[in-house]
Structure formats: structure tokens, C-alpha cells
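Heads up, the chain below is alone and in the form predicted alone; it's given as C-alpha cells.
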């Protein structure tokens, strides 16, 4: 049976800075906690068939109920549409930076972000509160269309490594950067560059109408590990883990359908007839040294000519009859 994941409610105690390392459930970490456990960049790779914004909002809700600051850079949907589905306690913790309404600041209003998308990203790098922070980018595909790939990668690296800035003596908690990427819109170069920056990489797919997440964890000084989770997202953006598609629901071959012979319609024969087998067995191959060949070489017949070797020494040949190795004890 499916085992649901229950997210922490708003009435529960928020994590303190010393508890920023996510706690496990004893046997294994919950899916949302495991995605956020390593910090750094969490790359969500979705497609047209399997969208990833719902999982992004589920991770945002998980961070918000844990007491983290949550900054959202909205590029593809309006703020009202993005906040839809969150309750008031979650929406009050979200700081929404709107690039959807006026990305190029044509209106010259105070609501527009100065500097465009790059200025908004750099503003997120200048943190004032030392508490844990989650930064959600919706989406990286939109940013790749407006910024060079190298510039975006450098900014993402600065965002995800704010907890290890040199010369900063203040205690800084873990930073989570959640990036949604529509990988069908990009070539292997940008996708590979963003993948190399991610500590956790989630590729969304599915089969038979059931969504799955193929997760790649890159832990420091450890080999990368893979995990596959089958899940569904509930209307309140909590997760319901499932056990994958049932085998009974998969199409089975019809027992009345005769099996297809793969040897039919070939341009060559795979089997020999009886006469062909007899001809093959009676054939003597050139490399086989039979008794007949041995007798013919050793005892030539009367009609066969014999050969002799005649050697005429040259004037400068050394005809010393002594054994050259006579002095050796051999």
C-alpha cells in the first residue's frame, strides 16, 4: 500500500540553526528531507509530459514549515498563480521576487527588480540574516534564455556556496538553491554544466500515468548514489510515496498468439541438410595433416622424381671443420 509522507505542520517547532542538518526517520530519510539534506543546488529536471513545478512547491513548503527564509525568483508564472495552493502560514514566509510581470523593467516602477534577472540573483547573494535560507528559481530555463550559461553557472555557484564564503566569521547556516530546468529546451552543453553544479539532481519521468523521480546524490568525498522514488503530489503539496506500477496492470502477451520465429525470411541457411552434412564430413581441410599426406611425403612413389641439394662453397667461405663450441662444456 502507498505510504504517505506527512509534512510538518505550522504549529510544530521550527528547526534551530544547530538543527539545520535534516533528521532521518530512523530507517530512511523522507524524500523531501533527503533532497534538501546535502544543501547546495537541487536541480529538478522536468519535461513536457512530467512537470516539476509541483515538486518545487512541495520542497518550498517543506523549507517554510522548518522555519527557513524562502526567496522565490518567479519568471514563468505570476505571483498569484505561484502562491495558489499554499495556506496563509506558508505564504507569509515566502519572499517573492517577480520577474514575470516586467522582466526588462520597461514600466520603470518601484516594483520592478533593478538590474534584471542578473541583478536579482546578485541581490540574493547579499544575505543579511545568518539563518538558513532556501532560494527557489522558477525557472533556470528562463534564466538561460536571458543570461549567458557561464554567467548563470558562476552566479549559481556563488548562491549555493554562501555558507563557505572566505573572510566571513559570522555563523551561516546551510543554503538550499532549488532550480527548475525544462531540459527539453536545451542542448547537452547547458544541461551538463548545470548538472555538474548540483549536489542533488532529480530527473522526473514516469510510466503508465505514475510519476517517478530518479535522484542522484553527490556527497562530498563519496561516490554518487542513485535512488528511484515513485510518488504523487497531493493538492496541499505533500507527497504520497508509492511502490511503482503494478505488474498486473502491465500488458501481458496473448497466450493464443503463436510465437514469431526469428529465423524466418533470412537470406542464409542456419541448418544443413543430410547431404550437406555428409559432404562436409568427407571433406579434408588443407590444414589437416592426415596419414595419407604423411605417407606421400615420406615414401614417394616410383613415378615421382626425387630432389637433391648441391652446394658449391664460395672461395671466401670458412670451412673450418673444428667445432666452434668445442671449448664450451655443453
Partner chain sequence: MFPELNNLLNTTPDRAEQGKLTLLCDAKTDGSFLVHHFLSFYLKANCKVCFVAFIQSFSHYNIVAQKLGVSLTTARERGQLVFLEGLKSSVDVFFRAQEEPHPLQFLREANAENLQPLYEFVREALKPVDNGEAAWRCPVLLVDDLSVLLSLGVGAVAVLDFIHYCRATVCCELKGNIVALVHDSGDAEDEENDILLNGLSHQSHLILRAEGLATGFCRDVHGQLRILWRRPSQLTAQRDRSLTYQYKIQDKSVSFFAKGMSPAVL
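Numbering follows the first chain given and starts at 1. Everything quoted here is computed from the prediction, not taken from an experiment.
Unshown form predicted in complex with its partner chain; subsequent notes refer to it.
Contact check for residue 156: every heavy atom lies farther than 4.5 Å from its partner chain in the predicted bound form. Although the partner is absent here, residue 185 is a contact residue: one of its heavy atoms lies within 4.5 angstroms of its partner chain in the predicted bound form.
The closest non-hydrogen atom of residue 143 lies beyond 4.5 Å of its partner chain in the predicted bound form. Mapping the unseen interface onto this chain, residue 190 falls outside it, with no heavy atom inside 4.5 Å of its partner chain in the predicted bound form. Note that among 217-225, 77-85, 190-198, 116-124, the stretch whose heavy atoms approach its partner chain to within 4.5 Å in the predicted bound form is 77-85.
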